[in-house]
Structure formats: C-alpha cells, structure tokens
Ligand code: BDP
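Form predicted alone, single chain, as structure tokens, below.
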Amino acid sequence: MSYSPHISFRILLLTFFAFCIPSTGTSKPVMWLQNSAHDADSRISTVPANLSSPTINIAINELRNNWKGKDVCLIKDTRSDASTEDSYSIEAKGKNGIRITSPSDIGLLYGVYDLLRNPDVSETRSESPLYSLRLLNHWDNLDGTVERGYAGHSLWKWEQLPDSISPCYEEYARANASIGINGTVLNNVNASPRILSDTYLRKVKILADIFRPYGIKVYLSVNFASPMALDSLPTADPLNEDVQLWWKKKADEIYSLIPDFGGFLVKANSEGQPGPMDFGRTHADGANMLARALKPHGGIVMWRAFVYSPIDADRAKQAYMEFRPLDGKFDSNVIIQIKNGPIDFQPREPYSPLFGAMPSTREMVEFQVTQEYLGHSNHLVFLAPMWKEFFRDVNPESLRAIAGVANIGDSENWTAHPFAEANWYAFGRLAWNPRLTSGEIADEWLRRALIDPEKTPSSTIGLLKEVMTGSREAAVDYMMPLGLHHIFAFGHHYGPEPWCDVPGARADWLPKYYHQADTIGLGFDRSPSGSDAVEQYPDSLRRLYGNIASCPEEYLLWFHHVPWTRKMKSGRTLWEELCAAYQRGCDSADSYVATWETCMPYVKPEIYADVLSRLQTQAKDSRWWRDACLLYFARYSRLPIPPSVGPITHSLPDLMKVDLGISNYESPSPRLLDNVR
C-alpha cells in the first residue's frame, strides 16, 4: 500500500472469519460527526476481502476519512478476556503506532470511534459498557407523526419502504454506534397492531439490515391486543392457548426475516392501551407469555411500569403498588422498564421508588431525551445533569439496561434545536458509562459539534459549558422550582397553566391535583400524614423526605404542603423563595442570550442565527412562566410579589386566555406566543 508522504497509516486485521463487503451510502451527518479530531488525508488502496467484515469495513472507512496521525492496528482477538463483546482497549505501540484490540468486530468499531473522539493515546485505556442493552425508544407512528417529537416528522418513511431507502438511515446508525447505542425501538409505545403485519415486518427487515453492521438491533413496540386486531381472535388473554400459539408463530415469522431481532417493548393497561388486566390477568402473566414466545430466539420483553390506574389517590404511588407484589414472578428474559421518576419525566422528580424494590426482577431505567416537559425544541436544556442526578440516587450497577425516548426527526439537523443534539449525544455516552460527568460530556460535544477548539478562545468554550451544565437547573427555576411539578398546559405541555381545569378530565391530568395551592400553603403532602408516598422509599429516605424540616428543598413541594410563611434555609419565606427562584430562572435565560452573542465569530452563521432565535424565545418563555405562576399563586398566598422580581409584564386574565392551539405532535412556533409577550 502507498500513502501520502507526510502520513503513515496502516491497518492490520487479525481475524478468524471471512465476510463480504457491503455497499454504503451517505447523508447529512449529525454535528458531532462533522468535526473530526484531525483533518484526514490518508487513504487505503486495498483491503483483502477475506480479512474484512461489514463492520470492520466501516471502521476502516472511519479511519480513512477522519484520522490523521499514527499508524493504527486493529486486532480482533477472540481469546481476549474482555468482559463483554463490546469491550476494547486502545494503546500506544512504539512511537508511531496505535493498537485497538477487541474480541469482536463491533468492539473494534467502538474503539475507532473512541480514538476519533479522543486522539490522545499517551496512556492505555480499556472500555467496557456498564449495560449490554443501550436503546433509543422512538415514539414514531406509522402515519409519520412523532408523539412528543419536536424535530419534524418520523425519520422512518414507511410509505416508501422497502423500495426506497433514505441515506439518513445509515447515518442514523453511524451516529448511534459512535456513542455506543446498540438498540432501537422503531415505533410508538402506543403501538398500532399493523407493525406486526407481514407488510410492515418486511419494511422493518430493511432497517434491521442497514443497522446490523453498526451493532444495532431493532425492537418493536407491540399492541397487546394484536391477535384480535390482526387475525380476529376473540381474545388476547395471555393464558389462552390460541393466543399463546399466535404469538409463538408471530415470533417465528419475525425471526425468519430478522434473525437478530431484539424483542418487544410493551405499554399495557396504561392510558387506554390493552393489556392482560383486561382479561383478569397480571402484568407478569402478560409479559411472560410474550417472553416465552421470544425466548427460543434469544429475544427479550421490556415491560413498561408506566401505569396509573385508580388504585390510590396519589398517582406517584401507583406503579410501585401494581408491580412490587409481582417481584420474582417475571421470566428471566423480561425487564421492567421504569421511568426515572414516579410521575412522568418532570423537570425534577425524586427517583421512582420502584427502583430497588424488586430485587428478584430485572429492571431498566427509561429517560426522556425529547423535551416534552422542557420547552420542546425551543429551549436549551442540557439533560445530562438530570440523568446524573438520577444516578446519584440509584446505583447504576443495580440496573440491567437503559433506554431513552428519542428526540430525532427528519428536520434538517436531526433534532431541530442544535443544542438538543447534545442530549442525544449525552444519553449515548451515559448509557455506556454513567460515571462520566456532565461537564466532560458537554466539553466533548462542544468541541466536536459546535465550535472549532483551535480557533475558539478557551474562555468562550468555558462559558458555553457553563450554559449547558446550568441550563437544566435554570429551567427548573423558571418552570417549577422547589419540587413543584406537572403544572403545564393541558395536552401539549409547552407552557404554564397552573389554573387548568378541563371538564371530564382525570384529576391526575390536571395541575391543581399536583400543586394543591390554597390560602395556607403550596405543595402535595406525601408525608405520613398525607398520602404517605414516602413509605415506598428505603428507611433512610423515608425519614429524610417525610420530615418537612429535613426534606431537601429541591423536593420540598413534592413531599409536603408547605405554609406560605414558613422560613426556608435562606431566611426567606416560602413565598419569597418561590419568587426568587422564578426570577433567578429568568435571569439565567437572559444571560444565555448575552453569552451566545459573544460566540458569533466562532459558530457557523446559520447555526448562530438559529440558536439565537431559540434562546430569545426561551428568555421570553421564562418570563411567561414566571408571571403566570407568581400571579396565579399570589391569589392564594395573598402576599405581594417582591420588588426584586420583574418587571411583571403580563396580567393574569390575559395569560389565562392563551391557547396555543397545538397538538401532541406539534412544536409551537415562537410567533404563536406573541400574544403573551
């Protein structure tokens, strides 16, 4: 082989198998794959076909196109004592070489992406992911809409498959592989039975074939009543032999098309979705029936614990009450998928007490990467600090897998808000290694995706990191500080609506159920004298959260109904502290605009203008939140808003008339909010 004279670049492949080389395609890359650590200009003239595989060919192409530096030696060693197939090590080999070793092709690819992410190989580093299952959950519908999606329509063009294949599919797989994601659930948990029809399974097969070389398995959300919907069975009772046979045959059909199919994700007996309880059976009965159909093929069932049937007056208690008695009754290939908090992806929640409460059952956490409750695609809210907060309280090693509800669509830059891409990136990095810090991840993404680190002052990079790592706390401040939760506008969850009252709606869909404001105070009493939700936590936390004097103030209004005049740690009253928090959030949002304006020389003009517009919207929205909440709660506190807050620019009657007129599948345009500014 010959190379350009100033670059020495060599690939050595030690492998025990022979593969064929697939064709490849290109498309717009995600931002963190556009900026390589080095400008590459090396080339490989030939690669022997008997020393290659589709995955290794991808690794070679990534090095060919993006690496400039020492010789790289890829060694596949199946005799390695690495802990998982995904493991790899990177080490310097002499003065001019780098060696990447793994027991598998995909491990070598992960090693290549690590090298491109961090080209410093002064010390040997070895990597193994904590979780063998690291998945994105797409809430994409077959009609192209995305529930709680704010980046355009679905990436999957079902109407065009299998005949027309978008090049974005491979770029999606490449992006996920570069951050270690190895599974994708293609469709909404509110699943259409049609996804299991022969027509759609053949479309799914095409995606599975594209994703396979990148180490990504496909999974499907399934409707529990599919046998009734697709083949007119009179029941979906999991103990019915005909139903069991139907699912067995369906599993056989799927695996005949997709031999490495991952399995099913199931939302059952929640928000109107059918499930085993419709037939007098338990969640374990339903999950095990599906698991036994998949088990001969190596598939798994991820059974969601997001339920809130009316078995208790406090919705926060219900998943625990429904699932805890079933501990030990689930088959070994069932994993219970639990949202990080006990309500529903709020800006801040204590962790769900179901974690750790089922020691004989496999559990996994479900995060939300898409910003359903955090300003959609208009607000910059970096979510790594939220997820790190969860891992602070829940031992990462107690879990078996991790999933994130995707924020990806067919918008020009994949996630609509350029900074929302950082959440996709952060989820993948934390899914691989939950011990990484928010600052480390923010720094990686900024330097790879947004700015040229060689041309951008370190002070500017530092300011952007501060914006990212502080943005989640700022959003909590201007939306729902001190443990307030779920006081969003009904349906689309974009703006504030603490007064919301929809005739006929369930009480636990409405903000008043959660904030419990009255002339005495504010907050939901979950102490032993209230709903006693604290009883579901371990003893140490039960005592901590259950006592108003010791409860952390970040969760105070989650666990207690607090008098307006109660003194806080700052010396201020609850009312004064609430006002201060809302103003602090507004000040932070304003500062983000000012910080971003200093970045104009270092960011692509189109990205600069896009982000600036969104940050300006975020700043206006923060004042909308502040004014709406403080004016509304002042009706109950009967206390003045301190002069340090404001100026208040809206009136409560005007704010209460606001109707954005958007659905669950849309993101508001800034111009729609002009009437509240």
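Residue numbers here begin at 1 and follow the sequence given. Predicted, not measured: the structure shown is a model, and the values here were computed from it.
Just so it is clear, the following notes concern the form predicted together with beta-D-glucopyranuronic acid (BDP), a form of the same protein that is not shown.
- Picking from 498-506, 70-78, 299-307, 254-262 the stretch near beta-D-glucopyranuronic acid (BDP) in the predicted complex, with a 4.5 Å limit on heavy atoms, gives 299-307.
- In the predicted complex, no residue of the candidate spot (E389, R429 and R472) has a heavy atom lying within 4.5 Å of beta-D-glucopyranuronic acid (BDP).
- Remark: N190 counts among the residues lining beta-D-glucopyranuronic acid (BDP) in the predicted complex, judged by a heavy atom distance of 4.5 Å or less.
- At a distance threshold of 4.5 angstroms between non-hydrogen atoms, D344 is in contact with beta-D-glucopyranuronic acid (BDP) in the predicted complex.
- Proximity of F524 to beta-D-glucopyranuronic acid (BDP) in the predicted complex: non-hydrogen atoms within 4.5 Å are absent; the residue sits far from the partner.
- Although the partner is absent here, E91 sits far enough away that none of its heavy atoms falls within 4.5 Å of beta-D-glucopyranuronic acid (BDP) in the predicted complex.
- A heavy atom within 4.5 Å of beta-D-glucopyranuronic acid (BDP) in the predicted complex is found for one listed residue only; from E576, E171, E444, E147, this is E147.
- Checked against beta-D-glucopyranuronic acid (BDP) in the predicted complex, the candidates H283, R134, K339, H417 yield a single residue with a heavy atom inside 4.5 Å, and that residue is K339.
- Residues are counted as partner-facing when one of their heavy atoms sits within 4.5 Å of beta-D-glucopyranuronic acid (BDP) in the predicted complex; in 259-281 these are K267, E271, in sequence order.
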